[in-house]
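Okay, so here's just one chain, in structure tokens, the form predicted on its own.
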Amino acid sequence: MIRNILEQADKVDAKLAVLSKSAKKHTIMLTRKALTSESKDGENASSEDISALLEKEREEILHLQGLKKDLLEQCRDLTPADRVVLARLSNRPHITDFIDALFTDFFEQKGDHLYDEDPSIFGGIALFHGIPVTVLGHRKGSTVEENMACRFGMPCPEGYRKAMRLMGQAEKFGRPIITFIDTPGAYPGMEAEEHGQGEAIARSLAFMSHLSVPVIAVVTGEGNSGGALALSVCNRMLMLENAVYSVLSPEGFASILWKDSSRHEEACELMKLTAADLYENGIVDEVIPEPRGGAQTDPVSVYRSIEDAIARHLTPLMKMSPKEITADRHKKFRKL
């Protein structure tokens, strides 16, 4: 259902873009005619004709906006499988969008200082409400070329070792750490295994467990397998309403349990991978609401909600001593 609704909404958006561009052009023409008697090539139509055309375009725009609103209103009572579809949308906001919207003075840091640079982990130093923080997370990319370069957000060991380097630096200078989770899982290729994929993930889990600075994790899209967990050992976990967080993908779950990946929608129901399920079970500390149809329909409102949530949870953590912060994190995971 959700795919069909989003496809129709995209078609409406395309029509709106064309009409808006045309209406803007006709508005400029009317303004020019009002200010001067001169007309440029192609502007021989009278002001009355242009005004009538502009009015018709504005009516059509209002009609399409109402049609889109009605379409998105159908995005109620979504199934877990619907939320998986939304979590995987390529036009959802990504880590670079969140950093641009939520932080200032971002300075990217690259390389694990051991072997290589992994673009699927993106991070560096920034300011959040004037507070120096280390921010990092999975990067999927926004274009086909970026998707391929970042392996669709699936890190190699070098990515996790880079993340640990950044977090170790944050520990040294007392900077809070904010991670953004959005990955199908760690990269499963032979090269990654040869370079110690399992060891890198395990060491990241242990490393984050003992950090004495506040750690806030935000699940923004997919949060699958150890690839997500490696950046999720936190004091507070926040999750967008249509994000998912699970032991593996629904297709993988169905393949293991029933030897049939086509039963992935049934797997979504059993896995309890939605934000509501995880909040109910005490795994997630806050669910951040999204607009109807997903975060991509109104990213600005999502940025504001995430910013408010991070500030709300970071403030009390900043008042704790280093020992209290570590103990708080241990208590959270022991309770789980």
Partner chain sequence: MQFSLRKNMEEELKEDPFITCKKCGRRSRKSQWISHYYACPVCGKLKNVSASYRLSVIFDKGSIRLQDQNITSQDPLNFPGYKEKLEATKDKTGLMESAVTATGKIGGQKAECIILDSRFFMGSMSDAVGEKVTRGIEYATKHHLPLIIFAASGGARMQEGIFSLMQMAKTSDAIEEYSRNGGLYISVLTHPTTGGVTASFATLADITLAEPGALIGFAGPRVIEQTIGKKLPAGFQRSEYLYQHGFVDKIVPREDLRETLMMLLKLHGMKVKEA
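Positions refer to the first chain, counted from 1. Just so it is clear, the model here is predicted, and its values are computed rather than measured.
If you look for the form predicted together with its partner chain, you will not find it shown, but the lines that follow are about it.
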In the predicted bound form, the one of Thr179, Thr220, Ser246, Ser120 near its partner chain [non-hydrogen atom within 4.5 angstroms]: Ser246
One residue of Phe98, Tyr187, Phe128, Phe152 in contact with its partner chain, assessed in the predicted bound form (non-hydrogen atom, 4.5 angstroms): Tyr187
Is its partner chain in the predicted bound form close enough to Glu193, Met271 and Phe333 that every residue in that trio has a heavy atom within 4.5 angstroms of it? yes
Wondering, does Asn281 line up within 4.5 Å of its partner chain in the predicted bound form on heavy atoms? yes
Should Arg161 be counted as a contact of its partner chain in the predicted bound form, where contact means heavy atoms within 4.5 Å? yes
Using a 4.5 Å heavy atom cut-off, state whether Leu114 contacts its partner chain in the predicted bound form. no
Using a 4.5 angstroms cut-off on non-hydrogen atoms, would Ser209 count as touching its partner chain in the predicted bound form? yes
In contact with its partner chain in the predicted bound form (heavy atoms, 4.5 Å), from 69 to 77, 102 to 110, 139 to 147, 201 to 209, is stretch 201 to 209
